[in-house]
Ligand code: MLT
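Starting off, we have a lone chain in the form predicted on its own, written out as structure tokens.
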Amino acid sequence: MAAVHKIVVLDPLAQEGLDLLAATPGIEYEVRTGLKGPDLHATLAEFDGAILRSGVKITADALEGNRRLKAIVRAGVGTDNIDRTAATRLGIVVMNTPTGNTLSTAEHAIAMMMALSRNIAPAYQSLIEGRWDRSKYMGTQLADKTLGIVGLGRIGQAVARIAKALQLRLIGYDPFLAQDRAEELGVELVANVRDMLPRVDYLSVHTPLTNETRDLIGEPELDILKPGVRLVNCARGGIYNEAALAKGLASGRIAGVALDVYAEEPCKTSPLFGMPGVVCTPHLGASTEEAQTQVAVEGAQLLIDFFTTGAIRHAINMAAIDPKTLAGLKGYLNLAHRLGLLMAQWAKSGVQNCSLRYRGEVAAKETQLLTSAFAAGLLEAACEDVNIVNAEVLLRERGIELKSERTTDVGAFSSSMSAQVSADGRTYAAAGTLFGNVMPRLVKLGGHRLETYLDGTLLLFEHRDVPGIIGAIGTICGRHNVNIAQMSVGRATDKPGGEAVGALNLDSQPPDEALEEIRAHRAIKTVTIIKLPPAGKLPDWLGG
């Protein structure tokens, strides 16, 4: 008799998804909603798979000691309500449905822009209160205004297409959107977000919440924003600082704010609620019948495929790699991922294409997986839930070309991998290898050979090879109480005085004042801070 796999539905799910589960032989499901604490813990221990939306939170405590659950599906994009680290440790695959709510969320962002522009909510409220205040609610049209879009993934690109049809001028920032794709969308790319702030009449964000995007608009940005700007956030709470937005509204610098997401949810109080020029909704971006049907069907199908064929799609915490392959590649996957993280922070923006070269013994291994791991590192800060499974697809969506080649000829090391990234008219190059099969090392930066640890906080500096440069940087770091753990330098030729690079492993992040002092040195060309995981820390999808 064939095995029966039991699925628990933890949040209300569209009937079409339930019907799909019911129609599949070997699958049984139960709906148990609103669970938490001991009840959720006990329920998860009874089932092989679970599907949920954003209502239930699967914490480490809810999974503790679970030996049965094999897969969790989030019917939606964000997985903040699932402890991915705890799931990974228990071997539970976590999957999401990244495409089902794209159009609905994009449409909601546009709807919020229109509501702000035409004062729809307060005008209706005035009618409810028995007033006819036509002159009080004079609006502004969208056509011929400038919209800034931060983040041009699936949803950002959908917003761009709709906005273009509404005759808006488009400015965009995304470090991983090819120029050709931007031109297709009619978007003018800028090098950083600050460059667009004085120019835009509307700003809409479509990025994950990361250290780089948290408080993207805060008090320091109020003086840069174009007076009368209207700000929209249907992505993740915390990208805009709500207290700063309230201050900007009160001063008149900001004309309108529309939020669908909040730093803490459910959100029932905010300094913005009730202020003139504000429209807020309770996280409704994906709340359309069509989106709910799509994510329910897609989520159900993910579980069905997993339990009936073993297929893993849209996994956000691990890759579909058999244990033998993983054991032989783990160190190189970690190296490739860290090289991707380094290149993303060094090249920063305007990435057009990438190429990888595998040399020596590693060239005989599964280099396609290594290429995917590099892409995952490259996109990690720019995309939500990027991993070895979806990274190359996300790169292609942004029009970025990724090539690889391999040679079994052995160079200075038995195995090495090198990466080149073209961005903003410049080519960035780096190479790495493994020491002892588990310790990733950076062995080349640009045309310069060096050796440094690929972990923690790195300070990279390009400079002229003149006496005293290392001492000067060391003195500045010491004055600002920044300890140097390791140092490596490399120059292009054997003769002093030419171009050179240096890499410092630091025990802490240098303050801005220290970096400005280093940049001010007459022999320093560029200074870049690179943040990498600690030594031994693996990404979630690799079992970290």
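The numbering used is simple: start at 1 and walk along the sequence shown. What you are looking at is a predicted structure, and each value in this text was computed from that prediction instead of being measured.
Although not depicted, the form predicted together with D-malate (MLT) is the subject of the following passage.
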Quiz item: D-malate (MLT) isn't shown here, but in the model of the complex, which of 336 to 344, 446 to 454, 280 to 288, 421 to 429 has heavy atoms within 4.5 Å of it?
Solution: 280 to 288
Quiz item: Is there any non-hydrogen atom of residue 75 lying within 4.5 Å of D-malate (MLT) in the model of the complex?
Solution: yes
Quiz item: Is there a non-hydrogen atom of residue 32 within 4.5 angstroms of a non-hydrogen atom of D-malate (MLT) in the model of the complex?
Solution: no
Quiz prompt | Exercise: residue 491 in contact with D-malate (MLT) in the model of the complex, heavy atom 4.5 Å | solution = no
Quiz item: residue 433 near D-malate (MLT) in the model of the complex, any heavy atom under 4.5 Å?
Solution: no
Self-check item: Contact at 145, 204 and 226 by D-malate (MLT) in the model of the complex, all three, heavy atom at most 4.5 Å
Solution: no
Self-check item: 390, 371, 101, 317 - the one with a heavy atom within 4.5 Å of D-malate (MLT) in the model of the complex
Solution: 101
Practice problem: Answer with one of 43, 66, 505, 54: the residue that has a non-hydrogen atom within 4.5 Å of D-malate (MLT) in the model of the complex. | Solution: 54
Self-check item: Heavy atom within 4.5 Å of D-malate (MLT) in the model of the complex - qualifying residues of 224 to 258
Solution: 236
